[in-house]
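A single chain comes next, written as structure tokens; it is the form predicted alone.
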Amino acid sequence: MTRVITYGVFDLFHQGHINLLKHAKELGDELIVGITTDQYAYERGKLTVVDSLETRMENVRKCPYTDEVIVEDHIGQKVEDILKYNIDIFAIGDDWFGKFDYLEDYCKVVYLPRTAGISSSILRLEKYPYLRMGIIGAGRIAQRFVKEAGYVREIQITSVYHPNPDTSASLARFLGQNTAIAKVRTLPKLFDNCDAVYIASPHDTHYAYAKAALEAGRHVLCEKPLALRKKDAVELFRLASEKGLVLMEGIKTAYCPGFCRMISLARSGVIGEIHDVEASFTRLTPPGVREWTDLKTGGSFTELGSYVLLPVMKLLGTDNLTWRFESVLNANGLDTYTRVYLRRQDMLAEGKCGLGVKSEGELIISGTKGYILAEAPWWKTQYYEVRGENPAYRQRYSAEYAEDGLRYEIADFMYRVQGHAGREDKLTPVESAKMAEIMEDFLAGRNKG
């Protein structure tokens, strides 16, 4: 008996999939099909899978050419399965030509022709047309956003708005690299050209821009901090809910696959009851940039505080939370370094952020049975360890983090705009509002000196 195996996501199951399975079955007597899990597909760059794993497995199982369905959930599994199931032939679509030649050491590798003119991507676009996206702001993060959005096929960036279109050097650089993006001079014109807005402007403008976009009926993805006052954040989420729109705060770590898995692991009880969270994010920022010149909302905590507060929100929660700050201020009153101490009942936390002081950037989650350590840069989580009383015990975990990481939050935003559920808990309105409340309290104290 000749045994054949193939793998795929098999999203929006279509005739092209059926043809591929037919050709694979013709190679032997028995066909095993590996279905990629949502999480593994997400980590490998399939960012907007529509059908659930259960639906995709059922669709493949019903196909007359399938003899057995298995689940693929980690890198390296193909070799494991080939040995486990005594596979003779590994078959895959020819769009992967050459990528799996290394499997020739274990079995024969065959690249099968794909059906022209049909794919999950094409069907997805037919069902969910391009989301036209406008950008407010043209600085460093906006330029990175455009590059990362290219990995989410259903998004089309149409236009950019800047309050000073004639004099902004950053806008000129932005448009010079992105000739297909139109420059618009007014917000109404921007809204006319888009279905959703990405806000990448200075901190104190986020609330006004987000409110204007929501009132115009546009979905909003806003850079952190979403708002500098709790009531403003609450108002924005209420407005979005009333209008049936998606509003997301762009703290990219919240959508990072590795960070999400690490938080889930911490909540699982593997380190016992959690009693302490320590998060540090510092960098040495050159003079003359916005972080040092914006006397109203510049400084370390407004720039980096959202990151160090994020794991606290996820693990300590938001109810009955207390906090206090200690800062080092420079001559113009901005904080070069800030520590925030938080407490909820018997759970403690400390966040350190600095633009003019450099420290080790690690995240430590401490429990009654051990602790989780994510080394710098934990905000781009690629690996972390569970450690215990015995220093020899170290359980290491790893996850994908592609380039700048913005593609994950963009994909989740697109997923939610399309009407799918299941990713809202990565950063909830309650958590965003609590972070805005803490930011508001910090600014009030700093302005008093």
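The numbering used is simple: start at 1 and walk along the sequence shown. Note that this is a predicted model, so its numbers are computed, not measured.
There is also a form predicted together with a small molecule; it is not shown, and the following applies to it.
- For the chain shown alone, K46 is a contact residue for the small molecule in the predicted bound form, at least one non-hydrogen atom being within 4.5 angstroms.
- Proximity of G288 to the small molecule in the predicted bound form falls outside the 4.5 Å heavy atom cutoff.
- At least one heavy atom of P113 is located within 4.5 Å of the small molecule in the predicted bound form.
- Although the partner is absent from this view, K22 stays clear of the small molecule in the predicted bound form, with no non-hydrogen atom inside 4.5 angstroms.
- Against the small molecule in the predicted bound form, the set F10, H17 and W96 is in full contact: each member has a heavy atom within 4.5 Å.
- Partner contacts here mean any heavy atom within 4.5 Å of the small molecule in the predicted bound form, and among 85 to 93, 291 to 299, 200 to 208, 329 to 337 they occur only in 85 to 93.
- Between the small molecule and the residues S159, T318, S119, Q143, the one pair within 4.5 Å by heavy atoms in the predicted bound form involves S119.
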